[in-house]
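Next up: just one chain, as structure tokens, the form predicted alone.
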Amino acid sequence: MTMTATQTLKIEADAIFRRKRLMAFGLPLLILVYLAYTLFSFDVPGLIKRFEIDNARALVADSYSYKTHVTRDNRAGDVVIAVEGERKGTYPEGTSPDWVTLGEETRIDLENGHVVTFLPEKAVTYDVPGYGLIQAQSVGRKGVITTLPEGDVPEWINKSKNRLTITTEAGRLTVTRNRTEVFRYFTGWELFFFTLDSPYHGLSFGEVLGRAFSGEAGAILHDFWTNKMWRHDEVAWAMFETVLMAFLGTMGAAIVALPLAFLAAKNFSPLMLVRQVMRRFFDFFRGVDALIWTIVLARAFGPGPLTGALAILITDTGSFGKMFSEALENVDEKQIEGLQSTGAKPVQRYRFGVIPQVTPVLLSQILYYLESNTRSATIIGAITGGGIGLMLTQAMITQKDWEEVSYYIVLVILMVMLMDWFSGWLRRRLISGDESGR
């Protein structure tokens, strides 16, 4: 029996609808199966189980706060007070913040009724409101002898033979055989402007401003710029190195890629062998990530900002070569033919017939990559040993100065925002001719 045209169309339409239904239900099902696979393949339940909210909370708190250490050497009996426990932030001998009272018995007021007292004979007490008085003493080889109020030991007390750790909302007390140490947290970035040895430390903004107008502006700027804790001068130089890495790498890649792009464009390079060689050349360089080139070049040239710039240059040469050659293949041939009819030489035809056409595309891509490479230079610098990336990595490795980590991250974000604004302004100025850059 012969089917009519209507029946044939109906069968074909049903087949099309079946395929569409299969895609509509099958594709989401495939995605769900893949997500379920990744859920167990990457051990997401295990990661969630191992996640500790207290550690995360402490990490976040460390990013916007600092701690002052009050430490007693149990062998010599000396008490040292230092911001973040660093020598550069140590209070001069005999001086202390107003919440620490030095003497034969050192009294540390952690506020809200929490009081720690360093007693003679390597003893210490911690009066915890609502719980009672905790006593501890370092007794040579016997370790740390602890006396607690009657009842169950709370979770915030960690006690063993050689160590006692008490962590409350007011601070932390740690007692070992060799030393007794108290941490107290404060909000802010202490010593960000002036260190303890600066005559301007502790002055209000108005007082510092008054000193500046009195002829001490140079000394104030010097003390801030050479701050040993926050190293503003080194940070500024590291930021400059990071931007320089991105600039040299991006601009160097553009300079190298432009003439090579002519050899890869089919309307400027008639030999297929030459075109294919250049295109594979671009694929090779952009196919290897800049981080890989960084590791290779670091073995060859050693660490440094120049190594990072070369890594960016090599990777972007491949990317720019591909994009530039595609832009050259899309130029309007009529403009070139018009110049040729006037007797212009090949170099002149390229200069006045080709370059003006592709300049907006080229500049747009170069400025975009400059902005992107500013971010990449931070990571590359962490490997090659240059720029703000190195300082960020060092601060993370120490696992103690997370306020410095947050400081560097804020600077990186501001740097990227500035480069975004600058590249947008320059793009509008050079391409659209907007003098105001708006």
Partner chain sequence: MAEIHGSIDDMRTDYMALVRRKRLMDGIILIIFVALMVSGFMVADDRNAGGFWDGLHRFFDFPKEVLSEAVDKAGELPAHLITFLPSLIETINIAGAATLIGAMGAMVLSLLATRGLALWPRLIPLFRRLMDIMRAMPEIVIALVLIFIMGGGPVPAMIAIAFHTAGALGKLFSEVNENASLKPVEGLQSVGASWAQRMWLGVMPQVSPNYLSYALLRFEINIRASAILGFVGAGGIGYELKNSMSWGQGQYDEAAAIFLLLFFAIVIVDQISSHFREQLTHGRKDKRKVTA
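Positions refer to the first chain, counted from 1. So that the term is clear: the rigid core is the largest set of C-alpha atoms that superpose within 1.5 Å between two forms. No experiment lies behind these values; they were computed from the predicted model shown.
Omitted here: the form predicted together with its partner chain. The next part is about that form.
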Answer for Gly85 alone: is it within 4.5 Å of its partner chain in the predicted bound form, judged on heavy atom distances? no
Hey, in the predicted bound form, does Ile295 get a heavy atom within 4.5 angstroms of its partner chain? yes
Considering non-hydrogen atoms and a 4.5 Å limit, does its partner chain approach Ala395 in the predicted bound form? no
Does Leu370 reach its partner chain in the predicted bound form, with heavy atoms at most 4.5 Å apart? no
Considering Leu248, Leu263, Ala212, Ala327, which brings a non-hydrogen atom within 4.5 Å of its partner chain in the predicted bound form? Leu248
Among Val288, Ile157, Leu148, Val243, which has any heavy atom within 4.5 Å of its partner chain in the predicted bound form? Val288
Interface segment, criterion being heavy atoms within 4.5 Å of its partner chain in the predicted bound form, picked from 268-276, 302-310, 118-126, 167-175: 302-310
Sequence order please: the residues of 18-52 with a heavy atom within 4.5 Å of its partner chain in the predicted bound form. Ile31, Tyr34, Leu35, Tyr37, Thr38, Ser41, Phe42, Val44, Leu47, Arg50, Phe51, Glu52
Aligning on the rigid core, do we see the C-alpha of Met23 shift 2 angstroms or more between the shown form and the other one? yes
After a rigid core superposition, would you say the CA of Ile413 moves by 2 angstroms or more between the shown form and the other one, or not? no
